[in-house]
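A lone chain, given as structure tokens: the form predicted on its own.
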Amino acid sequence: MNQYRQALILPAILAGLWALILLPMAQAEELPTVFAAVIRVDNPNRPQPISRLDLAPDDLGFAGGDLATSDNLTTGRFLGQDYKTLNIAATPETAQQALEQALAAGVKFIVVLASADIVLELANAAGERALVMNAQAPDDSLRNDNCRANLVHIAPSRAMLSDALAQFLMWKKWNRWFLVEGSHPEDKALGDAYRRAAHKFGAKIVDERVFTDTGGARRTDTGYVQVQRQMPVFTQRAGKYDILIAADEAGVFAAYLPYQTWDARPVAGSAGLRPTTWDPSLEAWGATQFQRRFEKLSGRYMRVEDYQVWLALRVLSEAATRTQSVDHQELLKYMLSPDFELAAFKGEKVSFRPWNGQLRQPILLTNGHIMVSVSPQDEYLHRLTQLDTLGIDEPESTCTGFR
């Protein structure tokens, strides 16, 4: 019996010794790598936010990418894949230089936090050399006439955000809207998105006004008093409405609207009840544990930009895992296929619209302290997925880049 045991044990010991010798050699071999870059284009001319609580941290977006890379490596190494992420801060003038720097380093996946014009510029410059992932710009034009075959969108469009809010307001039977938009081009674009949502879901815009940005120091006491004191008079004598919708993407006036309107009415849109992809108040669907990991890593709450960069890199990991490839064209092909789906801590798996490269995803409705609701609302049905009730559906799309 002892000889029999020795015959079994000795080969096992030898196998273990060989494993200890060969494992470092295997680890030393270069694994197939999903090499991504996060390019954040900071605009030095953008006005400071009204509240100091909204000042952007230095690692905005990058922290989300760091968490995603850590998550990807947790399982990637076991599956024979590696993940690397390069963080690059740029200005509008140096954005293309940053892209070329990343491409020269071997990067094939570019996650961009920038305005629509810069996103388009980088997608055109990258061409077939890389896949570009828009993690910030909400412009519907990027998903329609200006779509590109190498450009996908992690950030939701303005149409998706406005539709998400509209569905909830119609469910509440708050169908009479007072629309106030800012004087900047992005405010007008957001106002148009709410007009489209009103028409789509049957709301009535009973009054419209434009709040003109006259400049000045918005964060000084004088600027605060000037804007806040204008609100009661500015909103006086509006038509009979249920809710005021603020279209203030530039961040000039919307924060001063709640509790300052002439009539006692709720505010939504750019202040009050806001549609967003992420908010620190979300606790359902494992979000608490997810956000605690982020807070441990960064020492702060997760912001929208962090979440969207995290989501972009997790999309790459899921596609690379399923295809066992690191080729950007192979990953894009799989991402746009019906087989792709990814859990994103929002109660429903996300996927891509193959006709314009937009990521389908639930939209959170929050007041900044608690979650109020999540759209799409149950009452709105779709032949394919309820998520396609938000934003531009395939019959409406003018994108030809993916055909």
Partner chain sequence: MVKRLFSFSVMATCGMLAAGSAAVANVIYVTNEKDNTVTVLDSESLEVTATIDVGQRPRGITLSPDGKELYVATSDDDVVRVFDTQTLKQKHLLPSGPDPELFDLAPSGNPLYIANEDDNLVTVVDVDSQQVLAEIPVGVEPEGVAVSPDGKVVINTSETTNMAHFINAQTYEIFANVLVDQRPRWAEFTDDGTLLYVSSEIGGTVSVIDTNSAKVIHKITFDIPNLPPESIQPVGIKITHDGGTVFVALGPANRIAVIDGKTFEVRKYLLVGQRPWHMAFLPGQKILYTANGNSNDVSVIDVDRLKVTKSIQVGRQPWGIVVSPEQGEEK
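Positions refer to the first chain, counted from 1. Remember, predicted model here, so these are calculated numbers, not experimental data.
The protein also exists as the form predicted in complex with its partner chain; that form is not presented, and the subsequent description refers to it.
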property: Location of its partner chain contact in the predicted complex, chosen stretch of 183-191, 274-282, 166-174, 288-296 [non-hydrogen atom, 4.5 Å]; result: 288-296
property: 4.5 angstroms heavy atom contact with its partner chain in the predicted complex for residue 347; result: yes
property: Interface membership of residue 42, its partner chain in the predicted complex, 4.5 Å heavy atom rule; result: no
property: Residue 50 within 4.5 Å of its partner chain in the predicted complex, heavy atoms; result: no
property: Partner contact for residue 210 in the predicted complex: its partner chain, 4.5 angstroms, heavy atom; result: no
property: Interface residue in the predicted complex among 79, 125, 105, 206, criterion: non-hydrogen atom within 4.5 angstroms of its partner chain; result: 79
property: In the predicted complex, the one of 139, 121, 318, 242 near its partner chain [non-hydrogen atom within 4.5 angstroms]; result: 318
property: All of 74, 343 and 385 with a heavy atom within 4.5 Å of its partner chain in the predicted complex; result: yes
property: Members of 141-180 lying within 4.5 angstroms of its partner chain, judged by heavy atom, in the predicted complex; result: none
